[in-house]
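Before any questions on binding or motion, here is one chain by itself as structure tokens, the form predicted alone.
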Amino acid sequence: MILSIESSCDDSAIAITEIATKKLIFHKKISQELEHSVYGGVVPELAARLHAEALPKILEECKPYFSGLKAVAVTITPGLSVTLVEGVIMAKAVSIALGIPLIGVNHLIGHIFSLFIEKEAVFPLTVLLVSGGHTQVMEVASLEDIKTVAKSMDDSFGESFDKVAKMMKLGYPGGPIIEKLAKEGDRKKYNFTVPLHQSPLIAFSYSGLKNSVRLAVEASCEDDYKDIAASFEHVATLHIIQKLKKYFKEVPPKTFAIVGGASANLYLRRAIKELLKPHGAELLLSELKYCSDNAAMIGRVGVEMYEKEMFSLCDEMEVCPKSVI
């Protein structure tokens, strides 16, 4: 089995995955949303302290499995440096204590493999990653052959939801709050401009839309928030759809997937599903419980890397906060 640790942001998670069957033997996650909600976003130093408390408690529950462990996998990039370090320190300690190899995992690749928890991986596929500060489209041929073909020039899809919720003083995390509020609103009430709609670039940008929403919030009252939320969600999603439509003219999709925390947004899922219909492409989605950060997806990548002997040296393993694919 492989023990995996995830601490890239505000979720403390550990999982144990059986190598031969890909079966998830153990998985536990402790969220910090309540502690950070009073600040309207994640406070890195607070998150690090909470990881230092939560991770050892979860690891204690894993002791019965220690004798069967063949490796320990841990998120090393990207993420908050002070929180990544908490996971890496624990992984190194487990590796040394049990005499098993270390596997350093890219968090974004983890999200791709969230599609394949407890199942075999299927490639090639085109992936839309909407996670935290990342909005990007990738062509994935295998674990070792991943090409990014479009990415955000500034803000991402997911973080724009958090920032809009913060503007309205609605709490954190903002994604589920804005999605719920949008269901009650008029999506055409506010005529926000679709970002880059006249640009030939296949890229994403949310800073302009975010600013337009800020001006609307400042000029409105709380009764208008549901319409602002609905109009924002519609335009934020339409931006992705327009750019994917442009990309599909060059590279028609065969198997398409949406991954990352914001892939749980049902409005986005429905829009992508409609976009794929003319192409007859298959849509892959992670289970909702595996869309957000979790150790099960890190363990699933860990299995692939273990089989390819892609190990890291303890003395050389370092966190890399801003690494991307």
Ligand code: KG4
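Keep in mind the model is a prediction, meaning the values are calculated, not measured. Heads up: residue numbers just count along the shown sequence, starting at 1.
There is also a form predicted together with the ligand; it is not shown, and the following applies to it.
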{"item": "Touches the ligand in the model of the complex: Ala257 (any heavy atom, 4.5 Å)", "value": "no"}
{"item": "4.5 Å heavy atom contact, Ser292 to the ligand in the model of the complex", "value": "yes"}
{"item": "is_contact(Pro252, the ligand) in the model of the complex, heavy atom dist at most 4.5 Å", "value": "no"}
{"item": "In the model of the complex, Ser286 touching the ligand (heavy atom, 4.5 Å)", "value": "no"}
{"item": "Listed range touching the ligand, judged in the model of the complex by heavy atoms within 4.5 Å, from 239-247, 195-203, 216-224, 131-139", "value": "131-139"}
{"item": "Stretch 241-279 - residues with a heavy atom within 4.5 Å of the ligand in the model of the complex", "value": "Gly260, Gly261, Ala262, Ala264, Asn265"}
